[in-house]
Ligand code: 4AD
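Below you'll find only one chain, the form predicted alone, shown as structure tokens.
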């Protein structure tokens, strides 16, 4: 029997007879020649079937094969620069595993489909070249993130999905019934638990799904998204900014190194990504507000940035920018105040260029137990839910901090996508829970 290979490995088997399982991506016919294009999840391969070199029933079965039917093709591989992927197979045999019915054909065709139709058929839309390219870039981003932290002394420590209290504010919590009528909530962030991990291991990161019950329909929001969150003991704001910048540059570099073909499918202008180098421009919140007002924004000091404000700022630069020291009143309860100006927090947001906005938020955490208690009370949070968190400040407290980077927003920026709904296989949005 011929060796079974993937399309991605075709270059290693030129002039060999092999077999490849996959699905029919497209079919062209020209008289006594049929050109089935096979996909197998690793790439596309054009095949050539000649009527006078195949049993009649085999040729006819190929000639009338329907889109997304599953099959195994056998034949000799050869280099062909004009073909998708640069190789072709001369078919000598085929096994059809399942033929899609002509009465119930594959619903996604080359014609234009509306967004709602495509989202309703997301389980099938994932098979298209564009969606395939996006998910492969996402994979490369996640691998690069993990490689960066694994290679810089961080330990991966998983944090809970069920939590007893809020981390990012009580208005965006998904509530769940736990045992014995106890309430639990889907995590908004692994950060609080990661602070405990950092006090044990020094430098840690967690990577998992997070949930925000935010009734937002913007192109930047999902209700379930993935976030990487490093946390570092003995770290100040400048160290946090250094690590964030270094990680972003590393991730972009890795994607440019390994996913050029996918970016080409997405028609991404890679020259813009190639400009993502150090140092990132740094602005204080004060400077950013003045800049925005000069460019027509109605923002006033003390307000958080809206999506339009982030777009105005980022369109002035070719790299991500860092904005630090936002007003304390608009930041989370755990954010440390600047000792020189307590009205601003030792936090930073990293905003991606081209109008993609915030991809990273972080900063120093309060390490003073008395100040932390006051903040918990000011935010009307249940003290008993944070007893363990306060303990971290009683037993060996140190300055510490970290950040969170939303994977989907990062994917949207690097791929140049209009909406985050394409950045994850099955997006969850305000009005989208299926499939």
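Treat the numbers as computed from the prediction; the structure is a model and nothing was measured. Numbering follows the first chain given and starts at 1.
As for the form predicted together with the named molecule, it is not shown, yet the points below apply to it.
Contact check for residue 106: every heavy atom lies farther than 4.5 Å from the named molecule in the model of the complex. Among heavy atoms of residue 358, some come within 4.5 Å of the named molecule in the model of the complex. Contact annotation for residue 59: none of its heavy atoms lies within 4.5 Å of the named molecule in the model of the complex. Proximity of residue 229 to the named molecule in the model of the complex falls within the 4.5 Å heavy atom cutoff. Heavy atoms within 4.5 Å of the named molecule in the model of the complex map, among the stretches 249-257, 188-196, 320-328, 152-160, onto 188-196 alone. Taken together, 85, 263 and 272 are entirely out of contact with the named molecule in the model of the complex: none brings a heavy atom within 4.5 Å. 409 is the sole member of 393, 409, 400, 39 with a non-hydrogen atom within 4.5 Å of the named molecule in the model of the complex. Among 203, 365, 268, 241, the residue placing a heavy atom within 4.5 Å of the named molecule in the model of the complex is 365. Using a 4.5 Å cut-off on any heavy atom, the residues of 194-228 that reach the named molecule in the model of the complex are, in sequence order, 212, 214, 220, 221, 222, 225, 227.
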